[in-house]
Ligand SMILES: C[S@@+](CC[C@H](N)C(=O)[O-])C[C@H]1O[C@@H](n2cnc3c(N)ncnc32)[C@H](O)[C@@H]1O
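For reference, the chain that follows is the form predicted alone, supplied as structure tokens.
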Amino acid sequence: MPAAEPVDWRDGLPHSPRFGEGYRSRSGALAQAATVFLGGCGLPQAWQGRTAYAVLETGFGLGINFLATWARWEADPQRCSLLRYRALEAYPVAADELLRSARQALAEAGEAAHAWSRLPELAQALAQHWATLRAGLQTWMLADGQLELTLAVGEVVPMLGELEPSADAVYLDGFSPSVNPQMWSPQALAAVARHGRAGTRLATYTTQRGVRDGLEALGFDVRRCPGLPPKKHRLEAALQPHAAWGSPAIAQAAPEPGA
């Protein structure tokens, strides 16, 4: 496994020394996952009745969005038969940090904790695979083979080019554009868009003007929605039919998959 990224825990909240920011909203990690990312992509309704459904996340971090998605999918009797989750992470943390984060997220969930009671157990199942983590791509089958997790460890644009270009939902996550501009660059957004198809949903916590304009230029219909406090707004977007990943705007701005 690559050298583990350090996590600085302050008053029970995880921070990144590298980027000088917290990993989660002050409203709580699970509130952010449920409201901004799952809710922003129309989940769980969007995967119901489907044979397979694919989620792409641009910043795996401490794994809370993944674990929350797994927990919500597992609890849904109308869930898709196969959930494919693909995520990128340039600086993976240690397995112990994943476990601590899950426990802390559940503790801070308050009255909503009962809906996420399986989170520590799911985190433990994820952590069992962590010793095999390496640079590049790896795929792990979880939930008796019904959940396929592919982790791409490396820089965002090259790794997006290595992943199979297929996403029904995109969690556009990562440290903020002000401290991690590479994650939100026009090249990164275009590489994300190449994974979409007409109707692919995208959600993110940031409403930074460059991100909004970049998504709109790539053919996303972008809406500013009420945010999770302390943020006033968040973004929801959908890729329009004219902006399939082979469109000129996307093709010119991003490398071919596998390039």
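All values derive from a computational prediction rather than experimental measurement. Counting begins at 1, following the sequence as shown.
The same protein also has a form predicted together with the ligand, omitted here; what follows describes it.
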Q | Proximity to the ligand in the model of the complex, single hit among Val192, Ile64, Val55, Leu218 (heavy atom within 4.5 Å) | A | Ile64
Q) Here the chain is shown alone; which of Trp116, Trp73, Trp130, Phe175 has a heavy atom within 4.5 Å of the ligand in the model of the complex? A) Phe175
Q: Tell me, yes or no, whether Glu89 is in contact with the ligand in the model of the complex, where a contact means a heavy atom of each within 4.5 Å.
A: yes
Q: Indicate whether Asn180 is a 4.5 Å heavy atom neighbour of the ligand in the model of the complex.
A: yes
Q: Evaluate Gly40 for contact with the ligand in the model of the complex, applying a 4.5 angstroms cut-off between non-hydrogen atoms, and reply yes or no.
A: no
Q.
Since only the chain is shown here, I'm wondering whether Phe60 would be in contact with the ligand in the model of the complex (any heavy atom pair within 4.5 Å).
A. yes
**Q.** Answer range among 103-111, 135-143, 90-98, 76-84 for contact with the ligand, defined in the model of the complex as heavy atoms within 4.5 Å
**A.** 90-98
Q: Let me know which residues along 147-174 have a heavy atom within 4.5 Å of the ligand in the model of the complex, or say none if there are none.
A: Gly154, Glu155, Val156, Asp173, Gly174
